[in-house]
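Next up: a single chain in structure tokens, the form predicted on its own.
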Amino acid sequence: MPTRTQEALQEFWATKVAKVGVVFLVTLILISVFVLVFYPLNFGEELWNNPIVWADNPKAVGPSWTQAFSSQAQAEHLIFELPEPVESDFSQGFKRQLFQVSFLFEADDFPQFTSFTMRDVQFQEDPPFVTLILHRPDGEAIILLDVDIPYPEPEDSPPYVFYSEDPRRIYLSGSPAVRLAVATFARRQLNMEVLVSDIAAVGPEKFMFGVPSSQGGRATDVLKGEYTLSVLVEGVHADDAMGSARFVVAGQLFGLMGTDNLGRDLAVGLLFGFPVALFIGVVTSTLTAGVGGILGVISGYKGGKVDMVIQRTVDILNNVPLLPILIFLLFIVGSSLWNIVILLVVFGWTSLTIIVRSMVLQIRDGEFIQASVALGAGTRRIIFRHILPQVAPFILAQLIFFTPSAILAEAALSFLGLGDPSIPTWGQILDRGFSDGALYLGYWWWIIPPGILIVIAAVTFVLIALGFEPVINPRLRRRR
């Protein structure tokens, strides 16, 4: 014979909304587990809020898959790691390394920016010379930059190693030396009357990857074809060398969900929002249901002064304007994740207490409870053995209903700038997008995905709660 638990589960699973809700919930849990396994717990502080981590990403660009819906070929985001030189030799007291990468550029628009990063520069006496040269499809070459490597301090001893723990990144688009080199190239090789100030205004990429436009003036058209970046390292000692390098050609599209105005990968931020949403929803609803249910049972069964104290507390909290008081208290105690959970619990248990109390008042007057009292059963035994099991299914259903409310409350607080700044959440992504004008600038990928995920997470628990209704209320059960 099936037990009551098995019958309840069968009744729950018989509803379509319950099945959909369970599928959604399992998906949320699997994604959350994936994030917790493959991302550090301090992701927000160490990575998400660290601009250096996202420096090589393009700023405020859409997802790569939107290219399929565009008639214009937008620039692809290209990152080239140069782990070792393609040529390396030492002869006649002269060391030479050549790092090189070739790439095809077929976009209809120019790159957003370019950057160069070098690591593990080692030398014995004088710093080596590092030169960046861009070879274009038209056969022209631009000597972009001669990198200045500082001399070691007098107290240091050879071999000297620079940029080992902290690689040196050069933002080529903002380098005055690169702007001067590109302006010189445009005047001499492209026969364009271009000043350094013009390069600074439009970016050197317009001339590094361009040719004079048919419109004349200082306008340029994209030069498509194969480009080659050469990094020449020259030293005077056999051990002088550069360990590795990176070259970035920032595109107009990036990744699965695009980037924000700091270049942060929104797909990563949205992923990290899954475990945060589940944590907020489950922990808050569990504590709220636990506190509200226990106080409701105690209030209904004990009566007297205990009931009066609990009910007056309920009246006070129910008449407090929730959002303003939450904003005020979070300003005082700080916007940490646990502070948000605690405040949501403190102001969220009252409604359940009122309902459970009314249920317990009816149960308390029942013959079974009266018989237990007559037989000498203690208060604790009556509450936990006879009353709580009768109201537990309702408390469980309310726990599930509280979960989407907690998720939406956290999202609302984060949207108002009161979320935990150390952890990326969907509400914070929305807040940053609205505050930076994403809605008015057309950056839909910054607004729509987090909003959809908040709705999906909330609807998941609503569907599960609806599936539990036939279990709680026999009148809603399907006819067999």
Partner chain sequence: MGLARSLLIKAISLFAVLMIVMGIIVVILGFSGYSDRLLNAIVTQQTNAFALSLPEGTLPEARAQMIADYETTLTEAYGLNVPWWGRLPSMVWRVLSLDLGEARTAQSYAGSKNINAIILERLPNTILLITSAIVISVIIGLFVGIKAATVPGSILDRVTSYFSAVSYAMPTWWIGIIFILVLAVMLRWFPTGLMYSAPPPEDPLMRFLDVLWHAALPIGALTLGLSGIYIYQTRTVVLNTAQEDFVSVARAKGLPENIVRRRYVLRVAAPPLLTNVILGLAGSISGAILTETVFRWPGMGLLYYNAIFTADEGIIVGLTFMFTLVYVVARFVLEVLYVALDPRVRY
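For clarity, a rigid core is taken as the largest C-alpha set superposing within 1.5 Å between two forms. Since we're looking at a predicted model, the values are computed, not measured. Positions refer to the first chain, counted from 1.
The same protein also exists as the form predicted together with its partner chain; that form is not shown, yet it is the one meant from here on.
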item	value
Interface segment, criterion being heavy atoms within 4.5 Å of its partner chain in the model of the complex, picked from 50-58, 65-73, 28-36, 451-459	451-459
Non-hydrogen atom within 4.5 Å of its partner chain in the model of the complex for each of P404, A412 and W444	yes
Residue contact check: V17 to its partner chain in the model of the complex, 4.5 Å heavy atom	yes
4.5 angstroms heavy atom contact with its partner chain in the model of the complex for F328	yes
Contact test in the model of the complex: L408 vs its partner chain, heavy atoms, 4.5 Å	yes
Contact flag, P324 vs its partner chain in the model of the complex, heavy atom cut 4.5 Å	yes
Listed residue that, although its partner chain is not shown, lies within 4.5 Å of it in the model of the complex (heavy atoms), from A201, I332, M308, A371	I332
Its partner chain: the contacting residue among S336, N318, S88, T286 in the model of the complex [heavy atom, 4.5 Å]	N318
Sequence-ordered list of residues in 406-444 near its partner chain in the model of the complex, where near means a heavy atom within 4.5 Å	L408, A411, A412, F415, L416, G417, L418, L430, D431, F434, S435, L439, Y440, G442, W444
Cα displacement of I456 between the shown form and the other one reaching 2 Å, rigid core superposed	no
